[in-house]
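Shown below, as structure tokens, is a lone chain in the form predicted alone; questions about how it binds or moves come after it.
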Amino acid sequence: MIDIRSLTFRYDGAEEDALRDVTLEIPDGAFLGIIGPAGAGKTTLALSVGGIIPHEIRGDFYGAVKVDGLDTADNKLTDLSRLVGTVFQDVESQIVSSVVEDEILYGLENFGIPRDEIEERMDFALGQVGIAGLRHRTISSLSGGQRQKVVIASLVALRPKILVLDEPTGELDPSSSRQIFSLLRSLNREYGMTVVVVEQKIMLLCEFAERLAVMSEGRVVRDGTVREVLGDIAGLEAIGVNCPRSALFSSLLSEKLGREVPVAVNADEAVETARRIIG
């Protein structure tokens, strides 16, 4: 479990807190999406889960973050990284090798993965992320989206208990974005990995995540199932969240019909809702 209690953080030199008294529980095996307007604290929260804050990024840190019972402030980042794999928004800062194969091998060797498992793990990760054909390419020859996939593959190969991803599809086209989210769902369901994703493509996120945490001005202002959170369209729009069109459709129908219409999480549900109403 990820247990966050009264977490407040202010970056060195900043005038305001980036996180303000955040309390959040993320159960083992959850698939949580974190949404909110720019500057809400989403990235700061993601970096706190893996211990990047406060170990690598300094500031005023209050409260506690515990991952699988380990307090992130009291344990070494190397120990935490065996539990939590983090994909930064700036993937360039995570790449340490010049060739794709070496990038994935670097993590496997440093984590002491047995040699008889390394090849299988590398093949699995490259194949699942869809970059098997890039195995022997140099990193410098790759596009931004391809580099993003390499970083994700390097973490998938390590099979951490928790994956935290900050805008993992930012450089990807719609097809590749869906492929990454399908992979995350597979890792979540088949391997029991806890997945935490900060994502702006809310419609795509809502299709795959089970729960949403909504952030505004450094606080978690809403936490619940996707359907529960999307049921408050007015509240989400008030803080600057762009809601999925399917949920907006449900809200509009409720308003026009004068009765509550179940929230449509995706386009298929919206179509089914329209069919039932039309008769």
Ligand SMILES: Nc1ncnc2c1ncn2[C@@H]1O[C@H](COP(=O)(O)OP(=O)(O)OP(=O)(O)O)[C@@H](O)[C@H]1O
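In this text, residue numbers run from 1 along the sequence as written. Since the structure is predicted, the reported quantities are computational estimates derived from the model, not experimental observations.
The protein also exists as the form predicted in complex with the named molecule; that form is not presented, and the subsequent description refers to it.
Stretch-level contact analysis of 226-234, 61-69, 42-50, 239-247 against the named molecule in the model of the complex, using heavy atoms and a 4.5 Å limit, identifies 42-50. This chain lacks the partner; the member of Gln89, Ser97, Gln179, Asn75 within 4.5 angstroms of the named molecule in the model of the complex by a non-hydrogen atom is Gln89. Mapping the unseen interface onto this chain, Gln146 falls outside it, with no heavy atom inside 4.5 Å of the named molecule in the model of the complex. The named molecule in the model of the complex comes within 4.5 Å of no heavy atom belonging to Val271. For Glu167, a non-hydrogen atom is located within 4.5 Å of the named molecule in the model of the complex, even though that partner is not displayed. Although the partner is absent here, Val22 is not a contact residue: none of its heavy atoms lies within 4.5 angstroms of the named molecule in the model of the complex. Contacts with the named molecule in the model of the complex, taken as any heavy atom within 4.5 Å, map within 1-32 to Tyr11, Ala14, Ala18.
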